[in-house]
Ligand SMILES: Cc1cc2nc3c(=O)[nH]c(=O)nc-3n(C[C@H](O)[C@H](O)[C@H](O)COP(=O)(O)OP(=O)(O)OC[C@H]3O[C@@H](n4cnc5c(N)ncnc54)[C@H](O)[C@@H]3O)c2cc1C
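There is one chain below, alone, in structure tokens, taken in the form predicted on its own.
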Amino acid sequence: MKMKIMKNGKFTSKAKGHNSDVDLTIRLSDGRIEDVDINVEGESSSRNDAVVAQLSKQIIEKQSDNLDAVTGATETSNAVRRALTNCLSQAQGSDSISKKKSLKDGVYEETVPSYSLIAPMTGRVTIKDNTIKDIEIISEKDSQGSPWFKRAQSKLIPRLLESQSLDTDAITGASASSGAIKAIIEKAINDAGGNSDQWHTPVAKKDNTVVKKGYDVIVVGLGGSGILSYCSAADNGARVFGIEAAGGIGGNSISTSGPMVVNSKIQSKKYNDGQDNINEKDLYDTWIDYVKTDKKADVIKKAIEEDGPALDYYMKKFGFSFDGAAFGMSAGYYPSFVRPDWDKEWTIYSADNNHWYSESEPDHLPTFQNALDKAKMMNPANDYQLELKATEFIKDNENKVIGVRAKSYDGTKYEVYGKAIVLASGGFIGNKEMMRQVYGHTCHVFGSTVAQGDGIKMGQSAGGTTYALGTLPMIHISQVPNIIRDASLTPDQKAILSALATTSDAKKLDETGQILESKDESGTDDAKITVGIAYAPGFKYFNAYTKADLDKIKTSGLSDEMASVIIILLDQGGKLPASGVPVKDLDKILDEAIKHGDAWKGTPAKLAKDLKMDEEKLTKALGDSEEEYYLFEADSYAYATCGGLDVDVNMNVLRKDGTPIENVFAVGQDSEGVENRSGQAYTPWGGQAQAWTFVSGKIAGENAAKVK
């Protein structure tokens, strides 16, 4: 929009971004935009800071809404642009919403980046009579990494066809795939001669309330621990209702390999000649030594003693199945992290229909779905609902919890009443504000972004307290902060970029610009740790290079250390050249790294300004105030948090004075802090977190079913 006669004053608008509303305020003086305030905090993009900085600068310089999108944050950038258009229209005294441009009938094939790191998504959009008649996805790799694409495809496409609006909400839990589907439609509209901005129209929401009564147990969250709680409660005669915010069940449990196993009779008979696979006293002593306190010794003892029986229970009752990879079949592939002699304490899920998402991720979603369906059939009253987000407890006049309020994706409000509530919302990895409060930092989410800390906050609202809330998140991966999903680099070039950012033989700096002190990457000083599982401090670091360093790589190749870098799970499918092979296209890699916000170039003064570092410290660390340096960022990617509500051996949430809240329980990541140590990595032996889903779920379900 060109600048016309403008009214002075403040003008505010909002527009729907990737998964939230983006807010923008401008202040005009003498017909010019003088100040800009952009709020994109609700967006999940790692480039939020870049969006605010770059677009604010463009708005002031261009004095128009002709903005260039920030690379890697297109949806958020476009939302800012649309909000700006509306603000300028207000200042001109006009309406920014105009009649939609006519579209040319046809079938439009479009390709866009999506969730997959190795291939884009391609779709065909049929347009007729200025209406989107059909949306067909003809090529995608998203489904090779998780089940979430199919959920987006089955739920979002019908809603888009019905609403004819690009502001149709993304499917919770599948925002990347949802965003790609909408991007395909945007491109099709523009190619058909339209203006996709005009298709971002409000979608009507319902305003009714549904009341459900008569339940014994309400389970908040249907990830692994929630489903297992639901099953246990139903099997113990309870009428159960499950609430899940995402568009599908399973949470992080459907993307993990398997649980720790402690003397499962079924597993031991099948894979270990009937012998116990681990000494329980040895495990207990190691555990207590690791957490440095016996404050929760009773819970830890329970977690060990009930591990095998819990796995056996769910195998017998609900059809769960595990293979014996950690019982010696491939012990080298499934390390124990802390005790090399524990080569039989981690078992893995059987892959349903022999389907694997990767060589380490068996597809076991059908197992969880079948278990939930079986539990649902145990009582005609049993039910569960997806895309329903729990918001708060319902309490009686005596402040006792008697139910849960929730809100559906379509706006419908729910009041669900029950005798006992199990909190299984998956921790708080997806809540940026809570992450900053607890750790002082956020990290990238490689697990469920639905985990917003709702269960923990609900438990606190009932008087519950937390335990080891600051246990470090499940950080298994270090990678560049902005993974390049487009074709600007080949997979092999992307691999070189990742190696430059994460190799251990470069000069490392912390977030302030100082040399990163040598520290065990597990986040603990325990000398027995053999495999790093969390990156500290600050969850990120920078590898620094001089121009001479990079010129040497161009002519003489990567170092031995750099050429052997492995990025698990987020490797983008590329291969590194052997050490000593010249990297002639390094300049191209550097340019794209800088463009995407993965690397920075400049003198210490410029770098300190760009990265908000201490200039004096950075100059001292790099060595020369006049020289130009290159900094490559390596960030942490996490599945989930571990610290949560304090619970006793019955999984009852505890008050600060140690007394239990008799009808409120917490499981999985909502309570796993009881097994850990604040400020340190979560217990570093294979599958412990997933084992807690089985143990806590079984115990909570049993005890919740007993509440009168």
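Heads up: residue numbers just count along the shown sequence, starting at 1. The model shown is predicted, which means the values in this text are computed figures rather than measured ones.
If you look for the form predicted together with the named molecule, you will not find it shown, but the lines that follow are about it.
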Among 665 to 673, 60 to 68, 648 to 656, 22 to 30, mark the stretch whose residues have heavy atoms within 4.5 Å of the named molecule in the model of the complex.
665 to 673
So in the model of the complex, does Ala152 come within 4.5 Å of the named molecule, heavy atom to heavy atom?
no
Does Ser232 reach the named molecule in the model of the complex if we count a contact as any heavy atom within 4.5 Å?
no
Residue-level question: is Ala689 within 4.5 Å of the named molecule in the model of the complex, judged on heavy atoms?
yes
Taking any heavy atom pair closer than or equal to 4.5 Å as contact, tell me whether Asp216 reaches the named molecule in the model of the complex.
no
Within 4.5 Å, heavy atoms only, which of Arg485, Lys376, Lys540, Lys389 is in contact with the named molecule in the model of the complex?
Lys389
Which one, Val80, Ile456, Val220, Val261, lies within 4.5 Å of the named molecule in the model of the complex by heavy atoms?
Val220
Only counting heavy atoms and a 4.5 Å limit, does any residue of 242 to 268 reach the named molecule in the model of the complex, and if so which ones?
Ile243, Glu244, Ala245, Ala246, Gly250, Gly251, Asn252, Ser253, Ser255, Thr256, Ser257, Gly258
